[in-house]
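Given next, in structure tokens, is a single chain: the form predicted on its own.
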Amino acid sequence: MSAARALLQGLLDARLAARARGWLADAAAEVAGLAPGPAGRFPTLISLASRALPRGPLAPNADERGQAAAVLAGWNPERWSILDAGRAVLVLSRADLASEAGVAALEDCFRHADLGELVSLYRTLCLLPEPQRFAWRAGEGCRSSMRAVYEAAACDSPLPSRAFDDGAWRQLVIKAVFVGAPLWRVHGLDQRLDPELARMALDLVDERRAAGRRVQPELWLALGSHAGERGAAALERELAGDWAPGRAAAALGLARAGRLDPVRAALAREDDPLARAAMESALAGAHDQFSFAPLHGLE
């Protein structure tokens, strides 16, 4: 049994009623006994899980989230449902996951999946043996315009940052802005910023401003230390604006670009609590991707 499956099984054992635990044990045993490769019963069991297991949040506590990170750095099941975890246990029960037959079986399951099943399957990809084999499949999820699918593939998982090439990675980042996903939850974002991604983000900033639209606060995340003069000018314009979330994001963005003087000046005249908190955080050196969490969804 893999460490990830053992952890998920332990979390579920503490949360499921006896009847649900029994169903999951029987279904996992059946999956373990399936012949290698695609089999009609596997997608059926993934689907039937929704009838046997509750859909409520898994809600791992801090210690349990720490255990997950110890199993796989970058994996955070904080937003998983109990049903997601049960389906992951079923997937991880397959005996052929390390082989091409297992890849084919999982792909067959994706083809039969409804929206909820897709979310569970995409969340499970990072836990599979040699998960980089599933980079293409994860990329498909990250290209989805369905926010739930995108987030399942892109957020709280180390797979994209480790397996995507530069083009796919930049597409993932920009797509987050379009679908309204929490970009700050994309694992490894700060470590994979580059000048081309900053240029793409600034082009989008210009497009939104030309259309008379606000710039989503998290878009400034994509600049980092690659803002350059163009980015610094765009950030300072945002810092001088009349929208508090924009000023907050701009302060963090300028600090990430190593330009603290405009933030100090802005703090002296700022009276909005959100913007002040962000400016103080930026000046204190707390301006990594997680510092943008309070700004998500503000538009």
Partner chain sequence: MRFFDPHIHMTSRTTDDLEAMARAGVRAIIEPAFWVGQPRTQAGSFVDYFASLVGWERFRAAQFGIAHYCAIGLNSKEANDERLAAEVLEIVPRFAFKEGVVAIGEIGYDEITPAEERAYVRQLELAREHEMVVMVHSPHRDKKRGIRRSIDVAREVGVPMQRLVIDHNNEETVQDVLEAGAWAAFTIYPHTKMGSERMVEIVRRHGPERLIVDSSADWGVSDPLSVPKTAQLMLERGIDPAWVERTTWQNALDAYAQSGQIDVEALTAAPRVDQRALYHDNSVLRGQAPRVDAAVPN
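Since this is a predicted model, take the numbers as computed values, not measurements. Numbering follows the first chain given and starts at 1.
If you look for the form predicted together with its partner chain, you will not find it shown, but the lines that follow are about it.
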*Since exactly one of N76, S161, S81, Q171 fits, which has a heavy atom within 4.5 Å of its partner chain in the model of the complex?*
S81
*Here the chain is shown alone; which of L97, M200, V179, L72 has a heavy atom within 4.5 Å of its partner chain in the model of the complex?*
V179
*asked:* Looking at 129 to 137, 161 to 169, 225 to 233, 83 to 91, which stretch has residues with any non-hydrogen atom within 4.5 Å of its partner chain in the model of the complex?
replied: 83 to 91
*Do L48 and its partner chain come within 4.5 Å of each other in the model of the complex, heavy atoms counted?*
yes
*Using 4.5 Å between non-hydrogen atoms, is R123 touching its partner chain in the model of the complex?*
yes
_4.5 angstroms heavy atom contact with its partner chain in the model of the complex for R209_ = no
*May I ask you to check whether V119 falls inside a 4.5 Å heavy atom distance of its partner chain in the model of the complex?*
yes
*Would you give me the residues of 131 to 164 that have any heavy atom within 4.5 Å of its partner chain in the model of the complex, in order from first to last?*
S145, M146, R147, A148, E151
